[in-house]
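Let us start with two forms of the same protein chain, each given on its own as structure tokens and named structure 1 and structure 2.
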Structure 1
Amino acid sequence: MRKITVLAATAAIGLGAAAQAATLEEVKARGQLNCGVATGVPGFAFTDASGEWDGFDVAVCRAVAAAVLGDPKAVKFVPTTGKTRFTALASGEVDMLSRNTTWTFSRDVDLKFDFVGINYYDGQGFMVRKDLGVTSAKELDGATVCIQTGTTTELNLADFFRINNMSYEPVPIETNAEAQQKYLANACDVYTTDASGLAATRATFEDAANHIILPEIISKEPLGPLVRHGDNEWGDIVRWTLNALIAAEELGITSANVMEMAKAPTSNPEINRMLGTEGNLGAMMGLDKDWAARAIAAVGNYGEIFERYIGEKTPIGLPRGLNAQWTQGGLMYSPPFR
């Protein structure tokens, strides 16, 4: 009896491993990429008027679909909540997750995922009313703070106030929508969450100019797409698709000129290698030579995506900051295509 159980377990694990090792083949056979996204984060994942998913994180899914399947529309979006996202990925319901997920040690090691890169460097910030007269987070001693319960932001906040020897009064809230209402109703002096979320929230206020986001960022929240442990080939594909988008901005490739550049070799050998007019980088990971060109043509380079969904011209109006190219003083840095 026990032997049978062990056998069955081994078989199940074997099946699982076999199914995991061939994500690329599975996706190709299915003709569709299953991509886990958030159920709604302003600028990062939302639905447009016709019910199509769109956003900064969604663009990564579309880029991978374009690279692998040649069609940015060949994505089945699986919306996941903070509670269901990791099981959806671990169980194989989705091939990758592109969903405002912070890269942490335990998620990488203990939950057995591979973060393939970072598409947004976020950090926890504070928003206050201008008439409070506060210009730095260090002056917030004794403030009432609206804080989402059960998140890392709650712990970061406690740490920050302890380090600076200050006291605060937490006002626990459940969702961002609730926080907006509470903050606007003066139930708290300060609202704290990731800086991108603060900017998005502030953009919705009728009197946005009367609120300021304090300069201090008190935590590191590197957000990026992730895949399961155990299928490194698939991880490579997602990682280098993201890198291609980042490198494209650095090299001046845009959705407008990428097809022109991919037609014939240019004077820059790195562009040629990436777009497949020189060498065979695509074949090394089981794709054709146009993979990167298709991804960039579908969604644009990293800078274009940023400007389209969350950049300064959008209502969210986030500055590039840490997310600028390394040549511009930011942290966006793609390893070379060689």
Structure 2
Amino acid sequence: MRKITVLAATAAIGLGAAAQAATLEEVKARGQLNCGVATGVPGFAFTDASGEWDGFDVAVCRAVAAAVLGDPKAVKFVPTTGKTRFTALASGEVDMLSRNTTWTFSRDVDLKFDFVGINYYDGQGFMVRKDLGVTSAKELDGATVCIQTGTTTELNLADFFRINNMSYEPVPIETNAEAQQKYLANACDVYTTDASGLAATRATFEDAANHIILPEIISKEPLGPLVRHGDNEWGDIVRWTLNALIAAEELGITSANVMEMAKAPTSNPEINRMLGTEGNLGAMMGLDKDWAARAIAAVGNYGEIFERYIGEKTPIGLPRGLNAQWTQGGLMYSPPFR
């Protein structure tokens, strides 16, 4: 009986290992990463003048493609809405999601997804026109509110108004572009979403100074990439690619110096392990030793990505805040590469 049980367990492990390798092998076989992104959020996921996808979240997709395929351009970007994103991932239409998606209990456990990390610590806020004469979200009783369906913002909004004994009229929208259109057309008094999304949207307004983001942040919105349950090897690849970008900033590795640093061991063992000049961490995930160096070379470290797309010198103008490195008073750090 014991022998049969052991054999059965061994067979199950073998089947599990085969299943776990599925996504990596599929991506390698097709020569392309299918990455789910937002339909369009300035700074985070957008198409440039030549029609190429770019942005803070898009950079994570390109980093994974560089790590796995050696080519940051080997990505098919699949625009997804709040409603369609999870179906796209669960069905296998995309290999991963990298869009403004909040890590919650039910999404992790009930929907069977693995959030591989956090690339932006956010919170839900409210944007109104200055001429509405409102200075606090607690003055919004009776307001009409533009809100994306299929998002955590729906429940957060309901909770906030209930706690404060206020009423509101929801104006459902599917995409950020639709929200912007309705808000500017006065179809709603308020637009609510993640504060970063509000800043990104306001940056596109011709009269941005006439719109204010109210001071209240009513929720915790840890945003990050996610993959399907049941494919741990693929989850490890996406997780540690993100970690490599975060760790690179702390360790002083940039898109400009990474390839030089990867040529020979440095005086820092963690840099050497991450860049493959000591040991071979990549082999543990089915990749070569240069996977992290390629990812960093393709998109830069986390700080470079932040400042390029959404930082204080961009039209979005977001401060690092909680998204600063842990050594600078923020929450960003990677587990050790060892």
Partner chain sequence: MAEIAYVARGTIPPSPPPPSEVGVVRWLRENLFSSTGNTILTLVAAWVVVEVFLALLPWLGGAVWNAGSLSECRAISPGGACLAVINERFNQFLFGFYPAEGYWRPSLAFLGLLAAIAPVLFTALPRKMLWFSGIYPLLAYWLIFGGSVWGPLMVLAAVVAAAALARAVARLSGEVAGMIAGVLAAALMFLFAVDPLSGWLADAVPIGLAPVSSDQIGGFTLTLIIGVTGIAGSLPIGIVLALGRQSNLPLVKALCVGFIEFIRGVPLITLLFVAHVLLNIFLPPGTEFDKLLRVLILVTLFASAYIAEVIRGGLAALPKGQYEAAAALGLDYWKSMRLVILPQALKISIPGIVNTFIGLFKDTTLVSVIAMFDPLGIITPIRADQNWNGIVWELYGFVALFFFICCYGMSRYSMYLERRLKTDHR
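Keep in mind it's a predicted model, so treat the numbers as computed, not measured. Numbers follow structure 1, counted from its first residue as 1. Rigid core: the largest C-alpha set superposing within 1.5 Å between the two forms.
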| query | finding |
| --- | --- |
| Of the two forms shown alone, the one predicted in complex with the partner chain | 1 |
| Co-membership of residue 199 and residue 56 in a rigid part between structures 1 and 2 | no |
| Two-part rigid motion between structures 1 and 2 - turning angle of the smaller part, in ° | 21 |
| Core-aligned CA shift between structures 1 and 2 for residue 140 (Å) | 7.6 |
| Rigid core fit between structures 1 and 2: Cα deviation of residue 193 in angstrom | 3.3 |
| Cα displacement of residue 167 between structures 1 and 2, core-superposed (Å) | 8.1 |
